[in-house]
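Next up: a single chain in structure tokens, the form predicted alone.
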Amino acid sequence: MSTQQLPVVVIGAGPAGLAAATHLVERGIEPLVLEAGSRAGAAVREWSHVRLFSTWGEVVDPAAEKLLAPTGWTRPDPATYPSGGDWAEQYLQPLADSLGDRVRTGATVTGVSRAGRDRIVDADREQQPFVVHVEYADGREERVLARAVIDASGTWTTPSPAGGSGLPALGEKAAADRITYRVPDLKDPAVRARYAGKRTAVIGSGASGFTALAYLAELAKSEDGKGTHAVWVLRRGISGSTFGGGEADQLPARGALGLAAKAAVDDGYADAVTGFRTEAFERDGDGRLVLVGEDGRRLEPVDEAIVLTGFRPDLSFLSEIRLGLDERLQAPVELAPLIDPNQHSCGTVYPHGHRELSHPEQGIYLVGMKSYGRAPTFLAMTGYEQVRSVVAAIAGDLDSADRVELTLPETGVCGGAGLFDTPDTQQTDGGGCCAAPEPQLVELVAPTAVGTAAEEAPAGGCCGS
């Protein structure tokens, strides 16, 4: 069998992976989707309680909709906002079902290489097919040969730690019983009881952090949640861009999410600690957690910690592949400047496709959330356009592959994201492009509450939405 007759292996049956498989089928190329979870969209299902800030109209791939149409599937109202659970059940699972046995679940990819060639060997390298090592849930192992590999495995399984240096804080692993790295589902009675009436540190300043703050504030207002309080731990200071673009965000629910977090602070349900980079987790005499900063500051004890500092790609199973990755973001070299949060946070990402996603090892592509490496703010529509271009390139249709068109909604925030503070910049109350002030400890209780936009908006956002 020639290499061209082999399937294209797609790693991950999430939104980008299933879209890639759909585009392959559309072009007459056989895909094999390998999903580590027991069902399609396994990672999405783990945040099923979180509502996306993108509408149904923005999270359904056009090619997938065409594939689903003969099955009688109809897209939900494109103007409404699905939860993660809705997305998985009403779109991802039907799409996986329509692909049939091209999707294998319980299949964990443990390695990718060139057949008979480790990463050192040059001889005839490009002529060899890829070999993908798979471990199944029942203990079986298999080697699958592939003409190309599309890695859409995402970053969900590798959350970043609380430590300000990018490494786990001292004592972080030992405090695992009181730390979660996901937005908790407070509608689950057992989870709700864990946080009700407790003091919880929320570490992180992105959409997930906003969501956790809003959820905890909602709990604090309820009958069974009296005494619930959040301590919002930020590595940066407070500036006009801290809460996102608000009403200037072209994704209204994303803007409202930041306003909901601001309301949690304004209404006294959360205090903010700024310029705090966590060095250690210690225990007080009652077993509660004491966060210690790199500058020696010690926060008041908390009962729980929710660490939402982003995600990072798992590159361990690609160790025998020659990847070209940016040294900071761990994203493809050509893509990294377009998404670097050190430079911008506007949400406008230049159109990009197979060329920006290519590597020295021809025929392998990292797509979807994983393509962004450690950069945040990935949107599903970005992934769908990525895989359309990549599949066209694999099919040899470079005209289509290079015709990349993508317009993303503005966040309402421009300028650098301020991943590291500039000490001498001034604080501002306006929305826009201001860096943060010198690190300080503040308690925010503003005199005015946020408007109804935050109260009426969907409940949250998500990575990969």
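Here the structure is a predicted model, which is why all the values come from computation and not from measurement. The first residue of the sequence shown is number 1, and the count goes up from there.
One more form of this protein should be noted, the form predicted together with a small molecule, which is absent from this view; the next part is about it.
Taken together, the three residues 163, 275 and 293 all stay farther than 4.5 Å from the small molecule in the model of the complex, as judged by their closest heavy atom. 87 is the sole member of 210, 232, 365, 87 with a non-hydrogen atom within 4.5 Å of the small molecule in the model of the complex. Proximity to the small molecule in the model of the complex, defined as a heavy atom within 4.5 Å, singles out one entry of 103, 109, 220, 95, which is 109. The small molecule in the model of the complex comes within 4.5 Å of no heavy atom belonging to residue 391. When the small molecule is considered in the model of the complex, residue 258 lies well away from it, no heavy atom lying within 4.5 Å.
Put simply, residue 153 is close to the small molecule in the model of the complex: some heavy atom of it is within 4.5 Å. Contact annotation for residue 380: at least one heavy atom lies within 4.5 Å of the small molecule in the model of the complex. Across the options 319-327, 113-121, 365-373, 279-287, residues that bring heavy atoms within 4.5 Å of the small molecule in the model of the complex belong to 365-373.
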